[in-house]
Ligand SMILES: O=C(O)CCC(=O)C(=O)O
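Just the one chain here, laid out as structure tokens, in the form predicted alone.
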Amino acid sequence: MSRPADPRQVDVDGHATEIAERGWTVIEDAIEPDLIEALTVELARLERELDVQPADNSFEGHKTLRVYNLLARGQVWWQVPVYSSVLPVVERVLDPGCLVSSLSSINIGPGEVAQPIHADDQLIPIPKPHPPTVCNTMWALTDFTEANGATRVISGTHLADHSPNYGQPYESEPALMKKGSVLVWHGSLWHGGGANGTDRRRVGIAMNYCAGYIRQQENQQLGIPPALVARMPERLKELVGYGIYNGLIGHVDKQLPANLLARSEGPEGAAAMVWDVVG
């Protein structure tokens, strides 16, 4: 397994401030080179063996390859949600009770057009602006340039009182990144994948998180076999939804869901519930 980058080298406060003020930040040199290589090789294998084809719609793209539910497709992906140079920034935006919302790949091919500008939380029916319910990240497995389809962002729109109109053109800027960097953004930020005008693919990993009280985009409890979750490290079990939020949300008969997993090595006994604390 790859060694995570030293979290002490990441300015968590600075990145969290950037997200609060403009809606996004880039953590440069966040990913160890050997992990980049391992993810790249594994993604190529999955695309080949699953015979992945473009979804051929305006959101997912006409020349873009996507693989979903990556946590169920190999242990190399287990490193991504808990990566120490990225997760602390996400926890600062949401809180330590956050969940994995989805983990997928976005491989933008030559000739792809720009994705419509959107906000990742615009299907959540609560008034805007609001505290972050979603915090998403894009891991650059290749350089992200304006020419090859770097994610386009509109700074400050996470504070808007509405979401963008899907399909309407907006002025935006590319979030440029070197291979190994990670883009982190507030779920209300207006953004979209860029057009790829080069002859090479732009490859990224979309590691998305949500607050512990928000429904996950990908159903992690059904998407990942419980026997597989039982083998995960404890923090990853919590992130995929086998913990409880604020001493209440997600329990099973006052038990941690992780306790019900086959071969679970999690803590035994009843969970500390908020009801017990308040007396």
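In this text the structure is predicted, and so the values were computed from the model without any measurement. Residue numbers here begin at 1 and follow the sequence given.
The form predicted together with this ligand exists for this protein as well; it is not shown, and the discussion that follows is about that form.
- This ligand in the predicted complex comes within 4.5 Å of a heavy atom belonging to Arg202.
- At least one heavy atom of Gly192 is located within 4.5 Å of this ligand in the predicted complex.
- Under a 4.5 angstroms non-hydrogen atom cutoff, this ligand in the predicted complex has Ile106 among its neighbouring residues.
- Looking at His251, you'd find every heavy atom of it more than 4.5 angstroms from this ligand in the predicted complex.
- For the candidate set His118, Lys128, Arg92, Lys179, a heavy atom within 4.5 Å of this ligand in the predicted complex is found for exactly one residue, namely His118.
- Met138 is the sole member of Met138, Leu141, Val134, Leu71 with a non-hydrogen atom lying within 4.5 angstroms of this ligand in the predicted complex.
- With the partner left out here, this ligand still marks one of 118-126, 159-167, 93-101, 79-87 in the predicted complex; by a 4.5 Å heavy atom cut-off that stretch is 118-126.
- Shown without its partner, the chain has Phe59, Arg66 in segment 48-75 as residues with a non-hydrogen atom within 4.5 angstroms of this ligand in the predicted complex.
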